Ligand code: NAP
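Listed next as structure tokens is one chain, alone, in the form predicted alone.
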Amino acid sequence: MNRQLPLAPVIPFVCAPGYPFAAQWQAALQAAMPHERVVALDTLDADARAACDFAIVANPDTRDLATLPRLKWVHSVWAGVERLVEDLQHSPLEIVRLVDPQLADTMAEAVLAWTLYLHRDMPRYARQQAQGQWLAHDYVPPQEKTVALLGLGELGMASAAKLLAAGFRVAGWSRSRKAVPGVQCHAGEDELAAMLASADILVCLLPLTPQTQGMLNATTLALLRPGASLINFARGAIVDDEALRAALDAQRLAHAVLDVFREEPLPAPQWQWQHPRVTVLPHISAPTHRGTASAIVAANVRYYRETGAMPALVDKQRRY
């Protein structure tokens, strides 16, 4: 008589309602951990939900998480977990975020690409084309321009390496002191102004925290060199939108490349869509790669199964 093998443990995948890539994520996660069963939450009955002590999530509705009564922790497939932290701030649920080296490489590629876009005056030449204007401008080599990075974590350091290799002067700012070869490092509130004043192109890579919310406002934007540009690849709420608009309208800032916004998708009436000195991107600077991300999640799940210990957890106070 054949003995039936026990079913593999169930891991619910919980995502926002209507998320268009739910099936692709579920398939990638399942392929990365064949000895588990990764299933959509809505396929589980009450008994199955009661047996789950962790879940894999992508911007979940916390009401869905509440249907898993034994849940202890969730593993996000995103690196940015600010909204999840906010939603679970007063919950005992622990959060694990994605830490993927591929993400840093992808972000660094985007930082270099859009820095070169600004460095070579692409927005100005696009405006001239629209006006049928044939006019060349002086070329300034990268060695004469400073790209300033707000944030010197994994993303900032990977970006600094690519910018240095391209010949730019690179400055960076972080809350605690960092030492990055080739980078003029600044730290703490007392050194922020000096770093901003050095910037020809400012790149924001900071996490969204109570301290960074609204950090780029009328006061701080005014510290940038006249004609400087901004790239925001962090979070929309770090920038005071009206202060940015005023700086662009007055041409104190030459251009802003914005990949993140307070509300996403960016609503059609918002001024950024039509502003001649703004490039709007649909949050594409560092998309998560499902293959590498799923392998990292699988390794964390395996660690939990073998040891009973949760992987490295998000600090809910720091929000990352």
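Each residue number is its position in the shown sequence, starting from 1. Being a predicted model, the structure only gives us computed values, none of them experimental.
Keep in mind the form predicted together with the named molecule is missing from the figure; the text below concerns it.
Checking Gly227, Pro101, Gly153, Gly214 against the named molecule in the predicted bound form, a heavy atom within 4.5 Å turns up for just one residue: Gly153. When you look in the predicted bound form, the only residue of Arg49, His283, His275, Arg290 with a non-hydrogen atom within 4.5 Å of the named molecule is His283. Here the chain stands alone, but in the predicted bound form its contact with the named molecule, taken as any heavy atom within 4.5 Å, falls in 252-260 among 30-38, 58-66, 291-299, 252-260. Taking non-hydrogen atoms only, Lys178 approaches the named molecule to within 4.5 angstroms in the predicted bound form.
The named molecule in the predicted bound form comes within 4.5 Å of no heavy atom belonging to Cys185. In the predicted bound form, Ala79 approaches the named molecule with a heavy atom inside 4.5 Å. The shortest heavy atom separation between Ser198 and the named molecule in the predicted bound form exceeds 4.5 Å. Within 4.5 angstroms of the named molecule in the predicted bound form, the stretch 211-246 places a non-hydrogen atom from each of Gln211, Thr212, Phe233, Ala234, Arg235, taken in sequence order.
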